[in-house]
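Only one chain is given next, in C-alpha cells, and it is the form predicted on its own.
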C-alpha cells in the first residue's frame, strides 16, 4: 500500500508546537491530568491507582466498551472496538472493506479529513467524491449521494458534524443519506467525532449505527472531549461480523491500546456531562468574537456560521491566496491558520478553530495582521 503525504498532518507538524497561538485547532482545549482525575468516581480512582502496565484486551477494556456503548441506543458493548485514536479506526475499517472489494468504489463526502478517502483509494477503491459547497451553506444533498452510489460501491463515508465546516444536516436529510448506503448494500462509515458538541442540543443527530444495522459510527476522545493526548477512538456498530474482521486487521497495527489511556478515557466518559458542558461553554463564549470579526471584515472574509463543534471554514475573498496569507501570519504574529489547500479544496478557505480559551487573543492578532495586509 502506497499513500501520498498527509498534507494536513505535515502542516501541523511544521507549526503546531512552535506557534504561540493555534487558531486552527480541531479539538477543544484540554485539561491537566489532575483536573481529569478530580472527576473520577470511586471505581475509576481505584482502577487508576492500581493500574498494571501490561497488555490490554485487544477489543478494549470491557468497562470502557460498556461506557462507549451507552452513547448509542442500539449498540451493545460487544459492538464496540477501541483503537489508538480515530485515525487507526479509519485505517482499519477502510482497509478491510475496500480491500475485500478491490476495484469497487467508495463514495466520500468532501472536503474531508484526508484519510477518509485516501485510505480507501490506497486499499483499491475508486473514489466518488460528494462535494459540499460554500454557496449551498455546505448542505448535504442525499439525491446527489444517491447518484454516486451504485452496485459496485462498497464504502460510503459521511462526516457529520462536518470537518472542516461545522455543518450539520437535519435529521431527515441525514436519515435519507444513511438509507442510500443501506439500499446499496454498502458499508457506511459515519465520522461522528464532533457529536455531543452541538451548539443547540436540538440539532443532535442520531448516530448512524442506531439508524442502520450495517452502519459504523466513528468516535474519539480528541475532539468534543478535548482529550487528544489519550489517543483513544472507537468504532461502534451492530454488524459484529464486520467488527470481527476489523479486529483481526488491528492485530497488524497496534494490537491493543494503552492501559493508562483506557482508564482515563473511562473516567472522562463517566464525567461526560461536566466535561462537555465546560467545552460547550468555551465555544459559546468564543462564537460572538468570531461573529464580530467577520462582520468587521464583511466583503473581505466570510463564513457559514458552524452549528456544531469547534471549527469553521471561512473564505478569504481578497485576491490573496490563503496558503501565503497563513504562512505570513504565523511568521508575523505567531498565529497558525490552516489553509484550505491542505484539503485539496480550491475555494481560498482556511480552517478556523474556536475551541480554546485564548481564541479572543489569537483573533486580535489575526485582525491586526489583516489590517496591515488586507485593509
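Residue numbers count along the first chain shown, from 1. Bear in mind the structure is a predicted one, so any value in this text is a computation, not a measurement.
Beyond what is shown, the protein has a form predicted together with a small molecule; the following relates to that form.
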{"query": "Candidate site 47, 61 and 262: all three near the small molecule in the model of the complex by heavy atom within 4.5 Å", "finding": "no"}
{"query": "Non-hydrogen atom contact residue 257 with the small molecule in the model of the complex at 4.5 angstroms", "finding": "no"}
{"query": "Partner contact for residue 163 in the model of the complex: the small molecule, 4.5 angstroms, heavy atom", "finding": "yes"}
{"query": "Proximity of residue 225 to the small molecule in the model of the complex, heavy atoms at 4.5 Å", "finding": "no"}
{"query": "4.5 Å heavy atom contact, residue 168 and the small molecule in the model of the complex", "finding": "no"}
{"query": "Residue (of 177, 86, 97, 266) lying close to the small molecule in the model of the complex, criterion heavy atoms within 4.5 Å", "finding": "86"}
{"query": "In the model of the complex, the residue from 30, 26, 348, 56 that sits within 4.5 Å of the small molecule by heavy atoms", "finding": "26"}
{"query": "Stretch in contact in the model of the complex with the small molecule, which is absent here, among 214 to 222, 129 to 137, 200 to 208, 267 to 275 (heavy atoms within 4.5 Å)", "finding": "214 to 222"}
